[in-house]
Structures are given as structure tokens and as C-alpha cells.
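The chain below stands alone and is given as C-alpha cells, in the form predicted on its own.
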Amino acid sequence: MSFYGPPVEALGRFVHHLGAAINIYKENNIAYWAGDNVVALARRFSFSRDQRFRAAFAKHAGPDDDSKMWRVATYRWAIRSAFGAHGDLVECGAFKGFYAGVAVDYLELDRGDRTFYLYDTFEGLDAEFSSEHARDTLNPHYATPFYENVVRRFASYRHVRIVKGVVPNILSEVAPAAVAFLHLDMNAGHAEHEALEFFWPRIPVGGVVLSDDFGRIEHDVYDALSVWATHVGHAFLELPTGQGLLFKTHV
């Protein structure tokens, strides 16, 4: 189980009692999900029984990534749902390339003709487009040579393009003309708003936008994206995973 938020001493009691409740479901052979601050009981969780997905997930996952399986399953579903729209695939906030690696393998994206653009500074959040709190929380995780590691991860993929730079600034230099799928995972409302505003005219009807942190209270993404979406006559669907999903239905 993976949970965070309350003080550690209170969280320990919470996890203990939650574990006891989950054991009841386990003893009665009833499906459950507990991780990534999500508890769901008596659901099907069909993604967890997809062996091809599990293999792709295991290939790219790190030691602390198991709790993200539901999020990654939603991500690859969103990409698949965008196949009916014209355009390339874009991820703003690639980090280690974990999500993208799973999707490229599971959906066999390298066999197609779409380019997958992976944007990141690979050095941490930029001060111009993120809060001090977000930088203090997240930038220490960029201590290792991320860019080189991501380049190695995708070295054998023909249709993955890794773009190092600050979003949105880098977009005026490198960006596809049409975008069928846009993933926003920069943990910063200002940066994600600017990226979405830049790409929106390039997303055709039927295109899909997925925000990884839309519903998560530890980030400032919700207000920035929900207000923007209202202005263009659309709305994000907040998912139990904390993600936000939007289909472009009209110009």
C-alpha cells in the first residue's frame, strides 16, 4: 500500500486499520485496490489481469512504481482512444520515461507513423512556471543524470523524440503541427496551463488530453486547468486515480 498526506504518526495508524479491513476482502476472495492514495473495493480491475500490459509495466517500472499501475493503465487507454484523431503524441513532463515506455511497448507505437514527443527539463521544475513549494518537493528527485538515462531507455525506438527544455518556452522551437494525445505531468499548474493553451489549436476534434495531477490536492493543477477548460467550452473528468481526462469534442 502507498499512502501519504497526514502526519507520519497518524498515517501509520491509518494504514494499520486499512490493512485489517483489506484482509477481510482478501480472506473472502474479493478484489481490492489499495495504493497511490486510492482505495477501491469489489471492482474488476481488469487492467491488472492484462498479461501484455503487466509485462510492459514490469519492463519499465522502478522499485516504487507498482502503486501507479492504475494511473499507467488509464494513460495507455487514453492514448489508444486518441488513435481516431490525426496527429502525433506529446508528453510534457516525461521524467524518467516510465509511462511512455509502457505505452510504446504495449501499444506497439513504434510500428506506426506517429512520433511521440517527450518534453522535460530533465533537471527539475523551472522557477518561472512553478511554485517554490513544488520545486522544493520535486527537484531533489532529479539528482541523477535523467536526460542520459531517458535517452538510453528509448535508444532503440524510431518514433520517440526526446526534447530537453522548459515547457512552454521550448515549444516555439520544437512541436508537432497536429497532436492527437497530450499528456500533462509537470506538477505545476502554470506550466500545464501554458502548454495546453499552446497545443489546443493543434488538437483536432477527437483528440485526448490527460493531466496526471488534475485531482491531486498536493499540486496546483486543478484550478489552472479547470478554469481554462471552461473558457473553451470543455471540462475535465476527475478520475479516482487523481488524473483528469478531457476529449476535444468541438473547435
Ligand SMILES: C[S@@+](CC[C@H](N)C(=O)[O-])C[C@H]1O[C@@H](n2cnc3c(N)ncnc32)[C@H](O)[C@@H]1O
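Residue indices: 1-based, along the sequence shown. What you see is a predicted model, and the numbers here were worked out from it, not measured in a lab.
Not on display, but discussed next: the form predicted together with the ligand.
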query	finding
Segment that reaches the ligand in the model of the complex - one of 46-54, 22-30, 185-193, 201-209, heavy atoms within 4.5 Å	185-193
Partner contact for Tyr106 in the model of the complex: the ligand, 4.5 angstroms, heavy atom	no
Non-hydrogen atom contact Thr121 with the ligand in the model of the complex at 4.5 angstroms	yes
Distance check, Gly165 to the ligand in the model of the complex, heavy atom within 4.5 Å	yes
Contact flag, Tyr117 vs the ligand in the model of the complex, heavy atom cut 4.5 Å	no
Interface residue in the model of the complex among Val160, Val90, Leu125, Ala82, criterion: non-hydrogen atom within 4.5 angstroms of the ligand	Leu125
Tyr222, Phe236 and Phe247 each touching the ligand in the model of the complex (heavy atom, 4.5 Å)	no
Within 4.5 Å of the ligand in the model of the complex: residues from 198-218 (heavy atom criterion)	none
